[in-house]
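Take a look at this single chain in structure tokens; it is the form predicted alone.
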């Protein structure tokens, strides 16, 4: 399949077969043989690069064994349509050109007779196609400047690495529907962290199971014996049990060869999401593995990426313990304004976030190459810290090998409470904007992690549409128009001095009455984000929410940088010292920003920029 480039938004290529519209009657070259009430053979008798499979999301998955010359080549799971077709998805036939291909389908629906089974609309909708049509049919909520899959389901980012000026982003991906299933590694690349080019799926389920999250490194010293500068991936094989497997790539991560001696790590209990890095001080590889149900992280060492030794564990009874621990990361950073360095252990958790569902917690401490020791409070306890105080930043991990010593990270912009129910269908989920992780010491003396927008994001800043060098905010709101272009997508900057005010309220609204209310409470040193009336909120009882973040200041002064996309708002305060990431689904684009205050607040350097597209 030819790669398609995403420039600010996912730019779709025209073709012959529609992905998201109901398919036409089955084309010639497809033969349907019903064997019983739940079993059907679909024979490919004609020519075509793809066979299109009609999907109805309300159904359960059908199991499809792909038989090639009589042998099972792979197994996929598809919610085949019974009463209506929501959209169609492609199965790629090109690897099996010149061979006999049969889809052995076992459907989950109970039927009383074969006649009833034959009435499922999927059988008439299955068709062959030579090309795919990626035309975007969901521009209403499709992000303009966030990475999204062309179609299908996406969750955790994983396996990210930087090499030769290219940022590689892999992600948990379902090519056969917009709900979780068939976990594979989707793949996109970028030279600027804004414009993304879609690549072929990099890793697909195999005999050991689905491909869950993991990490990649560039093996510059050929420690694994696969070749100098080989890209090595470690990931979780999730079959009956979870185990850790290896693959390697000699073409910069486009294609991978699965290590024949997999798995390389096995345990007696569930563990996943291996994250590895080279430790210069000890001259060996270190790895963090989430011991998911035990609510802890396991630490391993290896000389060659193949033989791993368990060294220690961290986490039991520490931090947020209400959900499974997943998607770890471990790295060292300097503390801003000092000569001190500290280690940060990222621990994504689901559920158990501060406002329900999934979230990113972290610990600050020290790492000696074998054991992580968390910093403690004066009473000896280990505090729970959160990297983002919105509801929609999860599975955040960083790129391996980022340039200039940067610790650049990205998350999945959703929440497991409602990710499968958000009001999109052609695709589900986007990534957050890329962020630069840092450390700073707060007013209480504690070391905290900051999360600031990556510098590359300045490159998408467009026309200055509104500005005010200085205004006084009071009880009567001052209003500013958002750009009309691109559905109000924009970037907002401002500085707030609330030393003589109790609070400052920012409201994003539209003519339909939707509104997002953001409030800075000076006395409490808190910032809140209210999306309860933000637009479409009734698809999940967990979606309407008010999230609250500490601002880590005591002087009544904050600076804000707010990114508004078609279905998300990301707010960065005080250069990332507090962050809130929240999805929104307005019934029409937000068009106005209003500023009001209880007391006399000074607003300075207010600027609203449109976002450039190519």
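Residue numbers count along the first chain shown, from 1. Note that the structure is a prediction, hence the values are computed from the model and not measured.
Although not depicted, the form predicted together with a small molecule is the subject of the following passage.
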property	result
Interface segment, criterion being heavy atoms within 4.5 Å of the small molecule in the predicted bound form, picked from 421-429, 106-114, 476-484, 148-156	148-156
Contact of residue 394 with the small molecule in the predicted bound form (heavy atom, 4.5 Å)	yes
Touches the small molecule in the predicted bound form: residue 272 (any heavy atom, 4.5 Å)	yes
In the predicted bound form, residue 212 touching the small molecule (heavy atom, 4.5 Å)	yes
Residue 172 within 4.5 Å of the small molecule in the predicted bound form, heavy atoms	yes
Heavy atom within 4.5 Å of the small molecule in the predicted bound form - residue from 197, 294, 466, 326	326
162, 180, 96, 77 - the one with a heavy atom within 4.5 Å of the small molecule in the predicted bound form	180
